[in-house]
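Heads up, the chain below is alone and in the form predicted alone; it's given as structure tokens.
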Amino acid sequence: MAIDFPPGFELGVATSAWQIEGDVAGRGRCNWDDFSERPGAVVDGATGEPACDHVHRLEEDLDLLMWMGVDAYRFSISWPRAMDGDRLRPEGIDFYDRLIDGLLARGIRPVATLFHWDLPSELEAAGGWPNRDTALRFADYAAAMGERYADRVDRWATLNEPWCSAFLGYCSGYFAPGRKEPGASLAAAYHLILGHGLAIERLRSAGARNLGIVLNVIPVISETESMDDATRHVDAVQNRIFLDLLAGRGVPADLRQSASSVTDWSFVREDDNAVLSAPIDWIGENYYSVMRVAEPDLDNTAAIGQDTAAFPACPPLRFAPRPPFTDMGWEILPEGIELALREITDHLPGVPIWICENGAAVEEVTDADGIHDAVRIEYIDDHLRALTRAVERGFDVRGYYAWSLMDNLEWASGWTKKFGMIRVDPETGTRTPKDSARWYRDVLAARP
């Protein structure tokens, strides 16, 4: 049955720079280059070279986007590819010129994300996002990108999923830079939103239009009344610290209390509020799953980045996802997307929403007839239908980008988890559309 999309609803796909670009020699080093070279940091030892070799196979990948028939392509700019310190890096700028111009020539809207987790190594060495200066440097980088591409990029996101950068990177150590410092993670979260606000101001001054940010708001569900306090803490760390800062409410008061043993919050400045809450034209949501908070038991576990040992004032808890699961172990709950939309809308009423990532790593079957990924098709179809129902109920959602165009380096999971609708052979780089790519192409083509 055809999906009934609202008029003008935008459909596309998304990728990120470090996961696909390769060509490490053509850019500066980043935190993920350093992190991936540590033994055991990435499960299969994969590094950013060659990734999907996208830099050298750009025309082929642009043609695949046109073959799919997408309205828009969300990509990220690699800060260390575009910039060498405070100067433009000519090879990198040329690459993004060719990418953006190639999209426009094929009738595809370019949607650029400025930061999808690949921080220049020299900034990480200087303290990274816990250091306020990184936010200032990010604003300079944003200004340079705005001055170069404002005339051609249709929509801009400052950050992608700052929760991952802050808490997976600086609290759990699961992501680059691999630090386990709860206090630093909270400073990082604050400075990421400060950097976002400063970047919004600089982008707007450069003439860039349609400015926003992409979060991964994960609905947090209390399994029992007794876990409500723990649930509120998890929601504060996962969602409200970012939404409240963007809404001009400052750091949530309950989080200030529950994290008081790991930070004195001295990095918070009251005169930052106007910058932190700089007006945005849209907000992105990356929706994959929900978090269910349950009573602790003998098999007590915590989701990565939410380890309560890092926040001693939080009550003991465990996370209890329900089947079915994706290959990442994430609960599949399409209707949860409306819970995320509600939390965003409550904090930022009147701001249009784009679903900037949604997809699944699943088991696939390969035979002479192709690459079969029926679970991925069902997953995306179910989420698109849940999304259109949410629009019918009044949520202002303007578009959807499937994650991902192609198999890529799934960060600390390397090549072991596949989200792509197009298979990429990690040895040869050969691209092969899966059943899901053909299905999505048909969905796009079937619209009035």
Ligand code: IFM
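Start at 1 with the first residue shown and count on from there. Predicted model, so just to flag it, every value in this text is computed and none were measured.
We do not show the form predicted together with the ligand, though everything after this point is about it.
* Asked: So, in the predicted bound form, is Y400 in contact with the ligand at a 4.5 angstroms heavy atom limit?
  -> Contact check for Y400: no, nothing within 4.5 Å of the ligand in the predicted bound form.
* in the predicted bound form, does W32 have a heavy atom within 4.5 Å of the ligand? -> Result no; W32 lies far from the ligand in the predicted bound form.
* To do: Examine E364 and determine whether its closest non-hydrogen atom to the ligand in the predicted bound form is within 4.5 angstroms.
  => Result no; E364 lies far from the ligand in the predicted bound form.
* To do: With heavy atoms only and a cut-off of 4.5 Å, decide whether Y174 touches the ligand in the predicted bound form.
  => Heavy-atom contact with the ligand at 4.5 Å: absent for Y174.
* in the predicted bound form, segment of 384-392, 22-30, 402-410, 60-68 with a heavy atom within 4.5 Å of the ligand -> Of the options given, it is 402-410.
* Answer option from F75, Y190, W79, Y288, heavy atom within 4.5 Å of the ligand in the predicted bound form -> That would be Y288.
* Report the residue, out of D272, E161, D154, D244, that has at least one non-hydrogen atom within 4.5 angstroms of the ligand in the predicted bound form. => If I apply the 4.5 Å criterion carefully, the residue I get is E161.
* Within 4.5 Å of the ligand in the predicted bound form: all of H116, W330 and F419, by heavy atom? -> Yes: each residue has a heavy atom within 4.5 Å of the partner.
* To do: Could you list the residues in 344-358 that come within 4.5 Å of the ligand in the predicted bound form, counting only heavy atoms and keeping sequence order?
  => Going through 344-358 in order - heavy atoms within 4.5 Å of the ligand in the predicted bound form - there is one hit, E357.
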